[in-house]
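A single chain, nothing else alongside it, follows as structure tokens in the form predicted alone.
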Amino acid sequence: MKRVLVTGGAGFVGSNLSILLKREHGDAEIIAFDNLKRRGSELALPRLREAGVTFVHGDIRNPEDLQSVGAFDTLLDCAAEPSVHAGYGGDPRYLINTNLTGTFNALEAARPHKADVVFLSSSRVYPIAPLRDLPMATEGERFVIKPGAKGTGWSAAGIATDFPLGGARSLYGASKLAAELLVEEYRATYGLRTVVNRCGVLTGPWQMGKVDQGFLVLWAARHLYGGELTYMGFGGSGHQVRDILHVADLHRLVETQLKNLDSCNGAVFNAGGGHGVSVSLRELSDACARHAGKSPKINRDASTRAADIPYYVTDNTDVTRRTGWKPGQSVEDILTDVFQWLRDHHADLEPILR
């Protein structure tokens, strides 16, 4: 790699990957490209500068902005409107123009240079109704798949890439799945080397957590800085489960894929924390209370929103078999890292996260 374009490069994932890539490849030019729309993304700029990453202010929806970057040999497409609730009850154009048209524009920028492409997709490409229909039981403070139950693309190990794709998945999920199809067509038509990662919940320091994206950081920040929280949906029990993946573990995966793109070319992987790095909201509340030494008020809202699912854990079997990669950081490791960051940058973060 000599010149790497990271779209969404001032966002949580993009900025962390840009900095870690520059640390690993000091001679390469790493370009972080971002429109700085999301509140808190401006805090990435001094971090990028100190790491030696080049920042370009531009919008992935605008092909002329991407053309101004010039030639590059590697594209990491991290740009996205990340909320699964985007478009419900409102205008979906920013979502579609960013997640689908934006990926098209990025691929068009990559095409003349035969750049390698790593596309960050989402676990939300899997349809909502079949995920809700998985046979669930309550075990302790979490939902689990009933012992011995399994089906096409799902088991106690989690959700695999052959999980059936029929059905609605939210406009966000549809935009990511449609973008995946574009990536595959550019590989087949123009000979680009590509890999797609359907990521579970990504987290770590410098994530500006919201209710609909970045829940772990939001949960930790409300415990430390104050403010109320809500167990929302599925009876308001807080038993819903997600696996989580530290962004540094994602970086290790991307490095492995870039070094082995011939063997990974065209692959679509599920990549997340897996069963061993998963947590329910109730379990997360207990863990955050230990780290913060206090607990906020936690409300209960039994109503379930249109895009909510009770359980998602990534089955990493395929990506581990193909690349040797496994998640390295536990839930406790991740929380320790996040709480240290929240304490170290209290003055900057509290106005955003409280």
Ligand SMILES: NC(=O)c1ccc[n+]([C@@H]2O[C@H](COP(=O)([O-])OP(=O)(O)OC[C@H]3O[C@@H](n4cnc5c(N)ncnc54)[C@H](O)[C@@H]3O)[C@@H](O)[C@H]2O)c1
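One-based numbering along the sequence shown. Note that the structure is predicted; figures quoted are calculated from it, not measured.
What comes next is about the form predicted in complex with the ligand, which does not appear here.
- Only one segment in the set 202-210, 109-117, 216-224, 260-268 has any non-hydrogen atom within 4.5 angstroms of the ligand in the model of the complex, and it is 202-210.
- The candidate spot formed by 158, 278 and 312 is out of contact with the ligand in the model of the complex: none of the three has a heavy atom within 4.5 Å.
- Proximity of residue 13 to the ligand in the model of the complex: non-hydrogen atoms within 4.5 Å are present.
- Among residues of the shown chain, residue 296 is not one whose heavy atoms approach the ligand to within 4.5 Å in the model of the complex.
- Of the heavy atoms in residue 176, some are within 4.5 Å of the ligand in the model of the complex.
- Within this chain, residue 37 lines the site of the ligand in the model of the complex, having a heavy atom no more than 4.5 Å away.
- Taking 126, 154, 72, 172 one by one, only a single residue has any non-hydrogen atom within 4.5 Å of the ligand in the model of the complex, and it is 172.
- Put simply, of 61, 47, 291, 322 only one has a heavy atom within 4.5 Å of the ligand in the model of the complex, and it is 61.
- Residues of 310-342 placing a heavy atom within 4.5 Å of the ligand in the model of the complex: none.
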